[in-house]
Every structure is written in C-alpha cells, then in structure tokens.
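Shown below, as structure tokens, is a lone chain in the form predicted alone; questions about how it binds or moves come after it.
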C-alpha cells in the first residue's frame, strides 16, 4: 500500500526491556528477561527498525512510546495487599484494571528501550503511565480515556493523516493505541509482523485482532508499506 509519507507517522509501542525476553547486551552483560516479557517480543525490533528508516528517509514521522511508572503504581499487584498479578480491580472511573508485576519503573533498566531498537529516526518519545493512580495502555490517552498524552496534538499539528503501529503488546497497548487512533480520525494500520501479544487471558490476541479489524483498522505486513 502506498502512503503519503509527509502525512504519515510510525508509532513504536513500548519496546522496553521489561517487555522483552532474555538477551545479551553489547557489553556482554546478560538481561534475564523482563518482568512482563512477551514471548518473542524482541522479534518486532527488526521490522520496526526497517520501517523507521523508511519513514525517516521519506519525510514521515517516527514516535516511540515508553511506559514510565512510579514506584507503587496503581497497576502493580504489589500495591494492593492480597491481590495477585492477573487479577482485576475497579478503580474510580476505571473498570477492570488489570494488575501486573512491577514493571517499567521510571529510570530503571527495565524501563529502558531495548538496546537494539534504533532511536536515531525517532522524532518524539511519549512517556505514559507516570501518574501513580492512573495507568495507561494507549499512546494517546491514559486509562481514564480522557487524559491525553499529547500525541494527538503533536500529530494534528503536523497534519498527519495515517498512523502505522507496531510494538508490544498486540492485545493491550497496541490494541488501545490503534482503537484510539482510528477513533481520532486517522487512517490506522497495524503491522502484523511487528507486533507480539501477551496472550492473557487465553484468546486475547485473536480477540484483539478481531476487534481491530471490526473497527476498520488495516492489518498489514511491514513489506506491504510503499
């Protein structure tokens, strides 16, 4: 599919150590795998790096999002005595907030972008989930669905019309970002070979893709972008 690059943006969602499996740093130090490692999550990096270079060379924009949680964040199961990861709770204005292990704590090694992600083409980094009592899946809005991250204003200011999305994870942050993107009026494309999913609860990945297709989001391969 041909897209008008000056009116397009690539969103690289949460390519952070805590979402990636074990690997070895260039220094030789070994990363044991993140607190919320997505199976084969690091496989999204190569197609995203290629797309980022492609966009940058043709006048497109590249944005990377980053979970940036404070200690004792509301999404951490440890912040709720008696609760375990995988359980859900109801918060004021937010129903069924999923609880997770401590992850992507601001300034920690787990919150850093994966070493192999090429940040040179990136024009903007959006940090989300940095409010202690408010989680964020989408790169556009926090989980109260009203507090903006600033991404929409950035894209609208550049007259972006097409948003291409890859990253982690397809059944959470990619899904919410894609749904918000199409709802905000962008032509939205999710790159299937540049996303991987958590897969919890069972069936969540297939459900996410079905939901995206129903919303009018295009599902493509990285090689389909011209």
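Residue numbers count along the first chain shown, from 1. Owing to the predicted nature of the structure, the values given are computational and were not obtained by experimental measurement.
Below: the form predicted in complex with a small molecule, not depicted.
Participant: Just one stretch in 23 to 31, 168 to 176, 42 to 50, 155 to 163 has heavy atoms within 4.5 Å of the small molecule in the predicted bound form, so which one is it?
Facilitator: Selected range: 168 to 176.
Participant: For the small molecule, considered in the predicted bound form: do all three of 12, 54 and 122 come within 4.5 Å of it, counting heavy atoms only?
Facilitator: Heavy-atom distance to the small molecule in the predicted bound form: none of the three under 4.5 Å.
Participant: Mark residue 36 yes when one of its heavy atoms lies within 4.5 Å of a heavy atom of the small molecule in the predicted bound form, and no otherwise.
Facilitator: Heavy-atom contact with the small molecule at 4.5 Å: present for residue 36.
Participant: Answer yes if any heavy atom of residue 141 is within 4.5 Å of a heavy atom of the small molecule in the predicted bound form; otherwise answer no.
Facilitator: Because no heavy atom of residue 141 falls inside 4.5 Å of the small molecule in the predicted bound form, the answer is no.
Participant: Is residue 114 a contact residue for the small molecule in the predicted bound form, using a 4.5 Å heavy atom cut-off?
Facilitator: The answer is no: residue 114 has no heavy atom within 4.5 Å of the small molecule.
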